[in-house]
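Shown below, as structure tokens, is a lone chain in the form predicted on its own; questions about how it binds or moves come after it.
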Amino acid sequence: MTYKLTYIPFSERSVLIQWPAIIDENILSDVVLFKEKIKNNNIKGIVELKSAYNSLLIVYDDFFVSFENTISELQKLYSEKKQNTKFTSKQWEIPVCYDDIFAIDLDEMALEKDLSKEFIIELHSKTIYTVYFIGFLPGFMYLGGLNKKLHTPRKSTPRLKMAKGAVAIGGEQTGIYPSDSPGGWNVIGNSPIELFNPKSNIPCFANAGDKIIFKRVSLKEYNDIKTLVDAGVYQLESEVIDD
């Protein structure tokens, strides 16, 4: 399936490509496939590709000589058949502790939704989520697929500090804060893993199109994993799910 794309000059040396403005896994797949196709074709001058829910930003190393020719080249590439374009995605299992010491908004959510805390945790930890893109903070994964019963508006007044590893819900999404930062999502747990390591060859392990499942762990298991993470020996479990 192909889409009617819009090509917008984003600066003197970047192009923003837009898909229909909806959050959809088929559109995400098309965005990621086009991104991989551009990478595989080694188009001269491209220095950065940044994807989001339904857009792809292409940054070049110099000013456009002809914006029209640049767009024409991209349109031609997009229209080519996709059979030869593949990408590998993975499913990652991330430990999360929903203990009361971390789940600072769980009581309020349970009260507002007239659901038990245990049911909220069960719904949150039984879903397979899709990584739509990474942004806001280095390593912050925007995860789609949250059960509708857990959709919760962002807080009207954000907190000045969200703890590193905070697992939270904002609107129709869930995610993990990779570092201490301000934030307005509703916190229901914490993960002890590192989501971003600037010293690593691959600073963020996940990519757009990957899947995430949350494995519920006890407070003791959380502390045991944290010890291994701090020692640099903890290995996340993952499996290839597509190629």
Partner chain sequence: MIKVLKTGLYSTIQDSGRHGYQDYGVPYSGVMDAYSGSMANVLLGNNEDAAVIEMTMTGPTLEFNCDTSICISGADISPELNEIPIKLNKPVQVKSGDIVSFGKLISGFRSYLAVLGGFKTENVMNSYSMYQGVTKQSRLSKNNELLVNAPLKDFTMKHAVIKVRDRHFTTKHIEVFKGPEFQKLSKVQQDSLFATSFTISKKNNRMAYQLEESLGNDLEPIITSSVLPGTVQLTPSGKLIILMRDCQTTGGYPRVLQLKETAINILAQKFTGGTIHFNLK
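Positions refer to the first chain, counted from 1. Note that the structure is predicted; figures quoted are calculated from it, not measured.
What comes next is about the form predicted in complex with the partner chain, which is not displayed.
Not one of I212, L228 and Y234 comes within 4.5 Å of the partner chain in the predicted complex, counting any heavy atom.
Contact with the partner chain in the predicted complex, judged by any heavy atom within 4.5 Å, is made by just one of L57, L33, I46, I193: L57. At a distance threshold of 4.5 angstroms between non-hydrogen atoms, I202 is in contact with the partner chain in the predicted complex. Within 4.5 Å of some heavy atom of the partner chain in the predicted complex lies at least one heavy atom of L137.
Contact annotation: K50 falls within 4.5 Å of the partner chain in the predicted complex, judged by heavy atom distances. Although the partner is absent here, I23 lies within 4.5 Å of the partner chain in the predicted complex, judged by heavy atoms.
Segments offered: 164-172, 113-121, 137-145, 69-77. Contacting the partner chain in the predicted complex at heavy atom distances within 4.5 Å is 137-145. Within 4.5 angstroms of the partner chain in the predicted complex, the stretch 5-26 places a non-hydrogen atom from each of I8, F10, S11, E12, R13, S14, L16, Q18, A21, I22, I23, taken in sequence order.
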